[in-house]
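Listed next as C-alpha cells is one chain, alone, in the form predicted alone.
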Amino acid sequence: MSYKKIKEGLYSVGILNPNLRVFDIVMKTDFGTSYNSYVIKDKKNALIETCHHRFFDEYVENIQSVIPLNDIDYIILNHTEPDHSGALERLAELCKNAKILCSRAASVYLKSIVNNDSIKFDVVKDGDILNLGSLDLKFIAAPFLHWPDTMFTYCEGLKTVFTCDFLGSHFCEPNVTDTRISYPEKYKTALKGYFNDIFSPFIPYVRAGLEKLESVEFDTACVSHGPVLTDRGFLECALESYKTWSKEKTRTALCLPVFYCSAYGYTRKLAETAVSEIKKLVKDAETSAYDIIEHNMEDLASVMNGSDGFMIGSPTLNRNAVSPVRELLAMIDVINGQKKPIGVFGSYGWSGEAVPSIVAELKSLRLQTIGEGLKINFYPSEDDLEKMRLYTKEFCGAFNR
C-alpha cells in the first residue's frame, strides 16, 4: 500500500496486514488488520501514530510518498503499545526536526519501549492546542481506552478526530475508508469482536469516551486499526454500536452460571447438583450448567464476565485442570471481576490437582474463591453430592441479597 488521501491535507500512510490471523497472542483476526498512521500537511506538518516495527521500510516509503521526512514537525502518539510505537525509534532518527508529543503516561512507557535516552518526549495535557498554521489540533485525554496513556487528537478544521483504538476493528480490505467495504457484515463482526476483546473490561471509560466525542463536531474518525470511519459509511454504525454495547445492564436476578468439563459424567453430576441448589437458594437466579466443549468459547466468556459470580468444574488430567477450563479462565475479566465469588469443584481419579491449581491461579489474580474448592474422587456418592450442595450453599451465601 502507498498513501491514500482522506481529505485535503490529510493522508493515510499506514500498513495493511491482510494475512494476520492472531493479534497480540490471544486475539483472533479472521479478517486481518491494519496499522494506521496519518499525515496532516499544513504550514507545519504532523504525523499521527507510527506502526509495527516489522513493516518499517514500507511504512517509510508510504510517508515519503506524501512528505519528506525532514519536513515532519511533530510525531503524535495517541497510545504507546508497540503496534502503534514500534517504528518510533528508527523513525525519530530519520525525522530529525520532529518533536514527539504524547500524554504524560505515554512518555513513561515510551522511554522503556525505545530504550534510547537521546529521544525526548514533549508531554501534552487534556485540552492543549497545537497550531499547525491554518489548522489546530486539540488533545483530549481518553484514559483506559484502553491503556492509561490513551488520548484522542481532534482537528476542528478537518472535522476529523483521531480516536486511536477506540471505534477500531481488526478488519483489512484494500480500501482504506469505509465507503466501499466489500463485506459489511464481516466488518460488523470484526467491530464487535474488537470491542469485546479490547473495551469490554472498560465500559465506564467507553461511556466517558463517547461523551467526549459528543462534545466535538466531526464527520470522520481516523482509527488506529481498520477502515477510516466517515459519515457516508459506518461512522454512525460504530458510534451507535458502542453506545448499545456499553449501556449499563439492569437486571433483577443474579446471574450465576456453572461451567464444567467432564470426561465420564462425574464432574457433570456435580455441576448439575450445583445448578439445582442455586435454584433452591437464590430466588429467580439465572443459572445453567454449561459443558465448555459444547459451546463457543467467546460466548461462554461473555456469560462468565457478565455474571455476578460463577462456579467452574474440572476433572484432573496430567496433574492439572483440563485445557478447555484453562482456556475459559484465561478470558476472565480480572479488572472488573475482583469481587465476584467463584466456586471451584471437580471429580478426579488418582491425585486431584485440578481444583487446587485453579484456586491457586485465581487467588494469584486476587479473585475471590469460595474456600479451597471441592474435589470428589471418581463417581460422586450421595454423601459427595451433599458435600456439593453444602459447597454451593457457601457459594450462594456470598451474595448478600
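Residue numbers here begin at 1 and follow the sequence given. Bear in mind the structure is a predicted one, so any value in this text is a computation, not a measurement.
Beyond what is shown, the protein has a form predicted in complex with a small molecule; the following relates to that form.
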Distance check, residue 351 to the small molecule in the predicted bound form, heavy atom within 4.5 Å:
yes
Exercise: residue 266 in contact with the small molecule in the predicted bound form, heavy atom 4.5 Å
yes
Indicate whether the small molecule has at least one heavy atom within 4.5 Å of a heavy atom of residue 50 in the predicted bound form.
no
Although the partner isn't part of this model, could you tell me whether residue 315 comes within 4.5 Å of the small molecule in the predicted bound form, counting any heavy atom of the residue?
yes
Which residue, 220, 287, 262, 153, is the contact with the small molecule in the predicted bound form, using a 4.5 Å heavy atom cutoff?
262
State the residue from 104, 319, 96, 232 whose non-hydrogen atoms include one within 4.5 Å of the small molecule in the predicted bound form.
319
Using a 4.5 Å heavy atom cut-off, indicate which stretch of 50 to 58, 66 to 74, 340 to 348, 355 to 363 touches the small molecule in the predicted bound form.
340 to 348
